[in-house]
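The chain below stands alone, shown as structure tokens; this is the form predicted on its own.
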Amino acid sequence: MIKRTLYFGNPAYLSKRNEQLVIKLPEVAKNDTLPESFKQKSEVTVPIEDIGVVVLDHQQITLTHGLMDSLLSNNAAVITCDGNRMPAGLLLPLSGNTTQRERWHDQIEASEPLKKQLWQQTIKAKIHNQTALLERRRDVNTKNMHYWSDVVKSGDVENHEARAAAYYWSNLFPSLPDFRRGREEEPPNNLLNYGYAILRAVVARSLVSSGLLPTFGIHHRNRYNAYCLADDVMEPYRPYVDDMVYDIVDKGTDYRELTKDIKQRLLQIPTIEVVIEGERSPLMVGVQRTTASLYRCFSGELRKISYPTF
């Protein structure tokens, strides 16, 4: 079953009762003129076992330690947003699998040739999906993209990822001929950044569930990045976010600011349909297949990661 993504963008009291997340509104809870029966009826509850991602996007949200403990025990990812209402932190359980030590050992002891082969598969899948998105949305020549996808070598030593990215971003948004992809660049980069943050949380949560450490990547090695492996694995999934942002831009929506409506749209990313080896599933379920196959590559049971085909 696909887990739910909960977004809180207003003041709220969040607590736990009978394995349920209890949502109270401060203006109701603090109002002494309201009868207790009315306050109880205004509460909203959600089974904690149904929750996959929680986004906390307001400075006046209060939650109990008991609730955080239960969310982590159920392998939910908790995203906290900063004063600018952009994702700033990600909380995950330390242990998400019964054979954690064995799996960490297999991951950490993975050989450099294996990691280079896995990165090769990852970049080929990413370029393939970027190509498919361009072909679906734009009438542009993609022969070079097909070529770059075909000739990626172990470790992508010739950096075909960068060549493909330059061509891809220069052609994806026809109404924005000067578009530059970057965290600090002009909109719709704000939408892409937000969508990638949601995607990263979904991937990191699934890595933990598969008994893997999100910190140790197969390619990303930034010493200040706690989610190197999540950033590796999410690469072929990025075009699904790009497609959603393309649709928002194409429909003429004012995307200069991340409105509540746009955020609600991007929070649907875990439910996007993906296809892996001919089987359709929500993205959150597909990511679980990907991370499970990645561990089996680390353990020597498989040679190929199961990535989606756009």
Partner chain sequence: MDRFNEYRIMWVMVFFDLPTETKKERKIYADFRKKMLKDGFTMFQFSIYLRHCPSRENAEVHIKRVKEALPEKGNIGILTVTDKQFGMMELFQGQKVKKPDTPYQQLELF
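Numbering follows the first chain given and starts at 1. Because the structure is a prediction, the values reported are computed rather than measured.
Here the subject shifts to the form predicted together with its partner chain, a form of this protein not shown in this document.
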Open item on the list: Using a 4.5 Å heavy atom cut-off, which of 26 to 34, 250 to 258, 65 to 73, 270 to 278 contacts its partner chain in the model of the complex?
Closed with: 270 to 278
TODO: Spell out, yes or no, whether the shortest heavy atom distance between Tyr7 and its partner chain in the model of the complex is within 4.5 Å.
DONE: yes
Open item on the list: If we define contact as a non-hydrogen atom of the residue within 4.5 angstroms of the partner, is Gln59 a contact of its partner chain in the model of the complex?
Closed with: no
TODO: May I ask you to check whether Glu19 falls inside a 4.5 Å heavy atom distance of its partner chain in the model of the complex?
DONE: yes
Task: Residues within 4.5 Å of its partner chain in the model of the complex, restricted to 20 to 58 and counted by heavy atom - done: Gln20, Ile23, Val44, Thr45, Pro47, Glu49, Asp50
